[in-house]
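Consider the single chain below, provided in structure tokens and representing the form predicted on its own.
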């Protein structure tokens, strides 16, 4: 005779202490939960709406400069320290936690054109309109000491940019040519040039540290190899590139900020076609900086806004602007990937959250769980039209909004013209050029 017994393990339903939550057995069979998807949709909708409600990205404004902020640099070892150089030759060191200026140096006559920190964080370098390169101690002078640079190099021409090697005591400057300097010497180790126009910025690759990229005012982006002391190859675009930034996670990928309102992400192994064209700005893009994760970058533009782009998307996920913020000259993403700093024409450095609706401070475990759950819900329903519309909507200043409409009309007119030309010409006589290839003129090796 068979005897059927019910067997239950008390561990599955009995609380260990009376403070614990009651354990509820759940059957996950979808036929027993016919309203699960509608319920999740409502939760996703509410989560998306609340994300827009709590989107308050602006954190602080650091004021103190007496002229427009022209360049910025991050401290490699300290998250709270940031350096900025202004158009009146003044360099300031800021403490972000106290939101105060902790040191002021009158570094140059005229503009501070570039600033960079040494990889160990003990000193930093500045270049200016007075044709000098100066090295300064990161710590302030002792009691009774004068504010003096450690080293000063007097050059023959004006230097427009500087960047330090990520591992060695070597730095690069740019002006009429790219010069590689040893910190101990007063003359460059090697000088590299390709063309005759002035070079606006130079950047070392953070992974393949012997590679450099530079952009010149003759519309070139030139790549150099420090070991061979020769240029490798260059790509010529339709319009001038203001600066480039290397992806800190992918050795061969860099993004260029261009005058034609776009950003171009290139793979240096195949420069004839950009990997992605990032379009959203309505004026020249002046600066770009990658997040430490390498998944996103932030761009600063002449249209008085900054935008955050995912690397693999052509449209920005976020746009930040304020009524007071004028043309944004420089932008930096902090090393903990949480904050963005931008320096603009009206003498202010602004601090923003990289994720606009993120809650600052310590999260409890329940808050973390709710945040992760809401994030998954938003990802699940992200293509639903109603949720997509709410998540994408951003309020824009009237000037930017009207320029976007105007450019849309112009773009549509160009597209219509191309379609008509194709329609009324002999098959095969008019080549169809993709959006990516349109802007690249030539690649020279």
Partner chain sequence: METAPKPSKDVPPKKNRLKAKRKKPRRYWDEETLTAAGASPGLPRNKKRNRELRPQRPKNTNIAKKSRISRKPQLPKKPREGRNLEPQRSVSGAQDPFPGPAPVPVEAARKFRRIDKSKKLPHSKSKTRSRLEVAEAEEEEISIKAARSELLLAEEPGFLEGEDGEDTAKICQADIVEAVDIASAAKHFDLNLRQFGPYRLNYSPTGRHLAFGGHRGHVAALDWVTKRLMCEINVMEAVRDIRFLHSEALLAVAQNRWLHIYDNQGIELHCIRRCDRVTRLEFLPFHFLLATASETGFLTYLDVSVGKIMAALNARAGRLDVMTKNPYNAVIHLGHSNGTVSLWSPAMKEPLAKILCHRGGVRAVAVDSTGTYMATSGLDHQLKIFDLRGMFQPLSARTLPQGAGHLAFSQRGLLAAGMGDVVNIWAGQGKASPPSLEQPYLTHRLSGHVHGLQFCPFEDVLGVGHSGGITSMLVPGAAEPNFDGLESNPYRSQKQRQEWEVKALLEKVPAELICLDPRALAEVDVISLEQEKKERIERLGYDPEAKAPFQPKPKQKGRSSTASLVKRKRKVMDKEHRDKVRQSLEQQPQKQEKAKLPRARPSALDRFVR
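Residue numbers count along the first chain shown, from 1. Definition used throughout: the rigid core is the maximal C-alpha set that superposes within 1.5 Å between two forms. Here the structure is a predicted model, which means the values were calculated and not measured.
There is another form of this protein, the form predicted together with its partner chain, and it is not shown here; the text below is about that form.
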Tell me, yes or no, whether residue 52 is in contact with its partner chain in the predicted bound form, where a contact means a heavy atom of each within 4.5 Å. no
Within a 4.5 Å heavy atom cut-off, is residue 23 in contact with its partner chain in the predicted bound form? yes
Partner proximity in the predicted bound form: residue 41 to its partner chain, non-hydrogen atom cutoff 4.5 Å: yes
Residue 432 near its partner chain in the predicted bound form, any heavy atom under 4.5 Å? yes
Do any residues of 19-39 have a non-hydrogen atom within 4.5 angstroms of its partner chain in the predicted bound form? If so, which ones, in sequence order? 22, 23, 24, 25, 26, 27, 28, 29, 30, 31, 32, 33, 34, 35, 36, 37, 38, 39
Please state whether residue 8 has a C-alpha shift of 2 Å or more between the shown form and the other one, with the rigid core used for the fit. yes
